[in-house]
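First, one chain by itself: the form predicted alone, in C-alpha coordinates.
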(Lines give C-alpha, C1' and ligand atoms only; values in the text may rest on other atoms or scores of the structure.)
Protein backbone atom coordinates (compact mmCIF):
# COMPACT_ATOMS: atom_id res chain seq x y z
CA UNK A 1 0.00 0.00 0.00
CA UNK A 2 1.24 3.51 -0.82
CA UNK A 3 2.64 5.81 1.89
CA UNK A 4 -0.16 8.28 1.13
CA UNK A 5 -2.73 5.79 2.41
CA UNK A 6 -2.50 4.66 6.03
CA UNK A 7 -4.61 1.81 7.43
CA UNK A 8 -5.21 1.15 11.11
CA UNK A 9 -6.92 -2.14 11.93
CA UNK A 10 -9.26 -1.69 14.89
CA UNK A 11 -10.60 -4.91 16.46
CA UNK A 12 -14.36 -5.37 16.49
CA UNK A 13 -15.67 -5.33 20.06
CA UNK A 14 -17.47 -8.45 21.22
CA UNK A 15 -16.83 -10.26 17.99
CA UNK A 16 -14.45 -11.20 15.24
CA UNK A 17 -12.96 -9.06 12.51
CA UNK A 18 -11.66 -5.53 12.18
CA UNK A 19 -12.72 -2.02 11.31
CA UNK A 20 -10.35 -0.51 8.74
CA UNK A 21 -9.56 3.11 9.59
CA UNK A 22 -8.16 4.46 6.32
CA UNK A 23 -6.40 7.84 6.27
CA UNK A 24 -5.47 9.88 3.21
CA UNK A 25 -1.97 10.93 4.23
CA UNK A 26 -0.93 14.14 2.45
CA UNK A 27 -1.42 16.65 5.29
CA UNK A 28 0.98 19.21 3.80
CA UNK A 29 -1.23 19.26 0.69
CA UNK A 30 -4.51 19.24 2.67
CA UNK A 31 -4.85 15.57 1.69
CA UNK A 32 -5.51 16.52 -1.93
CA UNK A 33 -6.26 13.63 -4.27
CA UNK A 34 -3.41 13.00 -6.67
CA UNK A 35 -2.72 9.94 -8.82
CA UNK A 36 -0.86 8.18 -6.00
CA UNK A 37 -3.73 8.69 -3.55
CA UNK A 38 -6.25 7.43 -6.10
CA UNK A 39 -4.23 4.31 -6.82
CA UNK A 40 -3.78 3.72 -3.09
CA UNK A 41 -7.51 4.01 -2.44
CA UNK A 42 -8.24 1.55 -5.24
CA UNK A 43 -5.74 -0.92 -3.78
CA UNK A 44 -7.36 -0.44 -0.37
CA UNK A 45 -10.78 -1.23 -1.81
CA UNK A 46 -9.52 -4.43 -3.43
CA UNK A 47 -8.01 -5.50 -0.10
CA UNK A 48 -11.09 -4.56 1.96
CA UNK A 49 -13.46 -6.39 -0.39
CA UNK A 50 -11.38 -9.56 -0.42
CA UNK A 51 -10.49 -9.73 3.28
CA UNK A 52 -13.28 -11.40 5.27
CA UNK A 53 -11.90 -9.85 8.46
CA UNK A 54 -12.88 -6.35 7.31
CA UNK A 55 -16.35 -5.47 8.60
CA UNK A 56 -16.49 -1.68 8.08
CA UNK A 57 -14.26 0.83 6.28
CA UNK A 58 -13.82 4.35 7.69
CA UNK A 59 -12.16 6.91 5.40
CA UNK A 60 -10.67 10.11 6.78
CA UNK A 61 -7.89 12.63 6.22
CA UNK A 62 -4.67 12.85 8.22
CA UNK A 63 -4.49 15.79 10.64
CA UNK A 64 -2.10 18.66 9.89
CA UNK A 65 1.48 18.37 11.03
CA UNK A 66 2.88 20.73 13.64
CA UNK A 67 3.83 24.06 12.06
CA UNK A 68 7.45 25.06 11.80
CA UNK A 69 8.53 27.94 13.99
CA UNK A 70 7.20 31.20 12.60
CA UNK A 71 4.89 29.43 10.17
CA UNK A 72 1.12 29.22 10.30
CA UNK A 73 -0.32 25.74 10.86
CA UNK A 74 -2.25 24.25 7.98
CA UNK A 75 -6.00 23.72 8.51
CA UNK A 76 -7.65 20.36 9.02
CA UNK A 77 -8.82 18.64 5.85
CA UNK A 78 -10.63 15.46 4.94
CA UNK A 79 -9.50 16.06 1.35
CA UNK A 80 -9.36 19.53 -0.16
CA UNK A 81 -10.11 18.45 -3.71
CA UNK A 82 -8.04 17.01 -6.51
CA UNK A 83 -4.42 17.96 -7.04
CA UNK A 84 -5.01 20.62 -9.72
CA UNK A 85 -1.38 20.54 -10.85
CA UNK A 86 -2.13 17.19 -12.49
CA UNK A 87 -4.78 18.79 -14.73
CA UNK A 88 -2.40 21.06 -16.63
CA UNK A 89 -2.08 20.15 -20.30
CA UNK A 90 -4.47 17.20 -20.11
CA UNK A 91 -6.98 16.61 -22.92
CA UNK A 92 -10.37 14.94 -22.89
CA UNK A 93 -9.20 11.51 -24.05
CA UNK A 94 -6.57 11.26 -21.35
CA UNK A 95 -8.89 12.51 -18.61
CA UNK A 96 -11.77 10.26 -19.67
CA UNK A 97 -9.53 7.20 -19.49
CA UNK A 98 -8.18 8.29 -16.11
CA UNK A 99 -11.61 9.00 -14.61
CA UNK A 100 -13.23 5.86 -16.03
CA UNK A 101 -11.39 3.72 -13.48
CA UNK A 102 -11.26 5.92 -10.41
CA UNK A 103 -11.01 5.53 -6.65
CA UNK A 104 -14.37 7.12 -5.89
CA UNK A 105 -16.21 4.47 -7.92
CA UNK A 106 -14.13 1.79 -6.18
CA UNK A 107 -15.32 3.10 -2.80
CA UNK A 108 -18.91 3.36 -4.05
CA UNK A 109 -18.84 -0.23 -5.27
CA UNK A 110 -17.58 -1.76 -2.03
CA UNK A 111 -20.13 -4.25 -0.73
CA UNK A 112 -19.08 -3.52 2.86
CA UNK A 113 -20.33 -0.54 4.91
CA UNK A 114 -18.30 2.65 4.46
CA UNK A 115 -18.17 5.75 6.65
CA UNK A 116 -16.54 9.09 5.82
CA UNK A 117 -15.13 10.75 8.95
CA UNK A 118 -14.82 14.42 7.99
CA UNK A 119 -12.81 16.98 9.93
CA UNK A 120 -12.17 20.20 8.02
CA UNK A 121 -12.29 20.74 4.27
CA UNK A 122 -14.13 18.27 2.02
CA UNK A 123 -14.00 20.12 -1.28
CA UNK A 124 -14.27 19.03 -4.90
CA UNK A 125 -12.98 15.48 -5.13
CA UNK A 126 -12.93 15.34 -1.34
CA UNK A 127 -16.65 16.05 -1.23
CA UNK A 128 -17.13 13.36 -3.86
CA UNK A 129 -15.19 10.82 -1.76
CA UNK A 130 -17.46 11.66 1.18
CA UNK A 131 -20.59 11.32 -0.95
CA UNK A 132 -19.43 7.92 -2.22
CA UNK A 133 -19.49 6.54 1.34
CA UNK A 134 -22.64 5.14 2.94
CA UNK A 135 -22.52 7.47 5.96
CA UNK A 136 -20.84 10.80 6.69
CA UNK A 137 -19.94 11.80 10.24
CA UNK A 138 -18.61 15.36 10.36
CA UNK A 139 -16.99 17.64 12.91
CA UNK A 140 -18.33 21.11 13.58
CA UNK A 141 -15.42 22.57 11.59
CA UNK A 142 -16.17 20.51 8.46
CA UNK A 143 -16.69 22.46 5.25
CA UNK A 144 -18.18 20.95 2.09
CA UNK A 145 -18.11 22.35 -1.42
CA UNK A 146 -18.00 21.75 -5.17
CA UNK A 147 -15.80 24.62 -6.37
CA UNK A 148 -14.93 23.10 -9.77
CA UNK A 149 -16.95 25.78 -11.59
CA UNK A 150 -14.23 28.27 -10.61
CA UNK A 151 -11.79 26.27 -12.74
CA UNK A 152 -14.12 26.06 -15.70
CA UNK A 153 -15.02 22.50 -14.73
CA UNK A 154 -17.76 20.46 -13.06
CA UNK A 155 -17.43 17.56 -10.61
CA UNK A 156 -16.07 14.53 -12.44
CA UNK A 157 -16.18 11.74 -9.86
CA UNK A 158 -19.96 11.36 -9.74
CA UNK A 159 -20.60 14.51 -7.72
CA UNK A 160 -23.35 15.82 -9.99
CA UNK A 161 -25.19 12.53 -9.51
CA UNK A 162 -24.69 11.60 -5.86
CA UNK A 163 -24.97 15.06 -4.33
CA UNK A 164 -28.39 15.67 -5.87
CA UNK A 165 -29.71 12.56 -4.12
CA UNK A 166 -28.49 13.92 -0.78
CA UNK A 167 -29.48 17.59 -0.99
CA UNK A 168 -32.05 17.79 -3.80
CA UNK A 169 -32.01 19.36 -7.25
CA UNK A 170 -32.14 23.02 -6.25
CA UNK A 171 -29.38 22.96 -3.63
CA UNK A 172 -27.12 20.80 -5.80
CA UNK A 173 -27.53 23.35 -8.61
CA UNK A 174 -26.72 26.20 -6.22
CA UNK A 175 -23.59 24.52 -4.85
CA UNK A 176 -22.24 23.56 -8.26
CA UNK A 177 -23.13 26.75 -10.14
CA UNK A 178 -21.84 29.17 -7.49
CA UNK A 179 -18.94 27.09 -6.20
CA UNK A 180 -19.76 28.36 -2.70
CA UNK A 181 -18.95 26.23 0.31
CA UNK A 182 -21.40 24.84 2.88
CA UNK A 183 -20.49 24.89 6.57
CA UNK A 184 -21.00 21.95 8.91
CA UNK A 185 -24.36 23.02 10.33
CA UNK A 186 -25.82 23.63 6.87
CA UNK A 187 -24.39 20.32 5.63
CA UNK A 188 -26.11 18.52 8.48
CA UNK A 189 -29.40 20.32 7.82
CA UNK A 190 -29.23 19.45 4.13
CA UNK A 191 -28.46 15.78 4.77
CA UNK A 192 -24.86 15.71 3.52
CA UNK A 193 -23.67 14.89 7.05
CA UNK A 194 -25.57 12.18 8.92
CA UNK A 195 -24.25 13.40 12.26
CA UNK A 196 -22.40 16.47 13.49
CA UNK A 197 -20.13 16.31 16.53
CA UNK A 198 -17.37 18.43 18.12
CA UNK A 199 -14.00 17.71 16.55
CA UNK A 200 -12.61 16.23 19.77
CA UNK A 201 -15.44 13.66 19.79
CA UNK A 202 -15.35 12.82 16.08
CA UNK A 203 -13.24 9.67 16.22
CA UNK A 204 -15.06 8.29 19.25
CA UNK A 205 -18.52 8.82 17.75
CA UNK A 206 -17.53 7.50 14.33
CA UNK A 207 -15.98 4.41 15.87
CA UNK A 208 -19.07 3.89 18.02
CA UNK A 209 -21.25 3.80 14.89
CA UNK A 210 -18.77 1.55 13.09
CA UNK A 211 -18.71 -0.88 16.02
CA UNK A 212 -22.51 -1.00 16.04
CA UNK A 213 -22.60 -1.81 12.33
CA UNK A 214 -19.73 -4.30 12.60
CA UNK A 215 -21.75 -6.35 15.08
CA UNK A 216 -24.46 -7.08 12.51
CA UNK A 217 -24.68 -9.94 10.02
CA UNK A 218 -22.37 -9.12 7.11
CA UNK A 219 -24.63 -11.01 4.72
CA UNK A 220 -27.67 -8.99 5.76
CA UNK A 221 -25.73 -5.72 5.61
CA UNK A 222 -24.65 -6.52 2.08
CA UNK A 223 -28.24 -7.25 1.02
CA UNK A 224 -29.47 -4.07 2.73
CA UNK A 225 -26.86 -1.98 0.92
CA UNK A 226 -27.69 -3.51 -2.47
CA UNK A 227 -31.42 -3.00 -1.92
CA UNK A 228 -31.15 0.60 -0.76
CA UNK A 229 -28.85 1.37 -3.69
CA UNK A 230 -31.53 -0.04 -6.01
CA UNK A 231 -33.65 2.96 -5.08
CA UNK A 232 -31.14 5.19 -6.90
CA UNK A 233 -31.26 3.17 -10.10
CA UNK A 234 -34.94 2.24 -10.29
CA UNK A 235 -38.34 3.84 -9.94
CA UNK A 236 -40.44 3.26 -6.82
CA UNK A 237 -42.51 0.44 -8.33
CA UNK A 238 -39.48 -1.56 -9.48
CA UNK A 239 -37.58 -0.74 -6.30
CA UNK A 240 -40.32 -2.14 -4.07
CA UNK A 241 -40.32 -5.35 -6.12
CA UNK A 242 -36.53 -5.64 -5.72
CA UNK A 243 -36.88 -5.11 -1.99
CA UNK A 244 -39.59 -7.79 -1.70
CA UNK A 245 -37.40 -10.40 -3.39
CA UNK A 246 -34.35 -9.48 -1.29
CA UNK A 247 -36.44 -9.61 1.91
CA UNK A 248 -37.89 -13.01 1.03
CA UNK A 249 -34.48 -14.45 0.12
CA UNK A 250 -33.16 -13.56 3.58
CA UNK A 251 -35.60 -16.12 5.01
CA UNK A 252 -33.37 -18.79 3.48
CA UNK A 253 -30.29 -17.47 5.29
CA UNK A 254 -28.88 -18.95 8.50
CA UNK A 255 -28.52 -15.49 9.98
CA UNK A 256 -32.27 -14.84 9.80
CA UNK A 257 -32.93 -17.96 11.89
CA UNK A 258 -30.16 -17.02 14.33
CA UNK A 259 -31.48 -13.46 14.70
CA UNK A 260 -35.12 -14.45 15.19
CA UNK A 261 -34.33 -17.17 17.74
CA UNK A 262 -31.96 -14.87 19.66
CA UNK A 263 -34.65 -12.17 19.80
CA UNK A 264 -37.26 -14.58 21.12
CA UNK A 265 -34.79 -15.95 23.70
CA UNK A 266 -33.73 -12.41 24.68
CA UNK A 267 -30.12 -13.23 23.80
CA UNK A 268 -27.49 -11.54 21.67
CA UNK A 269 -27.22 -13.16 18.21
CA UNK A 270 -23.98 -14.86 17.18
CA UNK A 271 -24.07 -14.45 13.42
CA UNK A 272 -22.97 -17.17 11.05
CA UNK A 273 -21.94 -14.65 8.36
CA UNK A 274 -19.74 -12.23 10.26
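Computed from a prediction, not measured in an experiment: that's the story for all the values here. Residue numbers count along the first chain shown, from 1.
Below, we refer to the form predicted in complex with coenzyme A, which is not included among the displayed structures.
This chain is displayed without coenzyme A, yet in the predicted bound form the stretch 144-152 from 144-152, 166-174, 184-192, 111-119 comes within 4.5 Å of it by heavy atoms. With the partner omitted from this view, the residue of 229, 42, 29, 222 that lies near coenzyme A in the predicted bound form is 29 [heavy atom within 4.5 Å]. Proximity to coenzyme A in the predicted bound form, defined as a heavy atom within 4.5 Å, holds among 103, 82, 202, 133 only for 82. Residue contact with coenzyme A in the predicted bound form: residue 123 places a heavy atom within 4.5 Å of it. Contact between residue 75 and coenzyme A in the predicted bound form is found at the 4.5 Å heavy atom cutoff.
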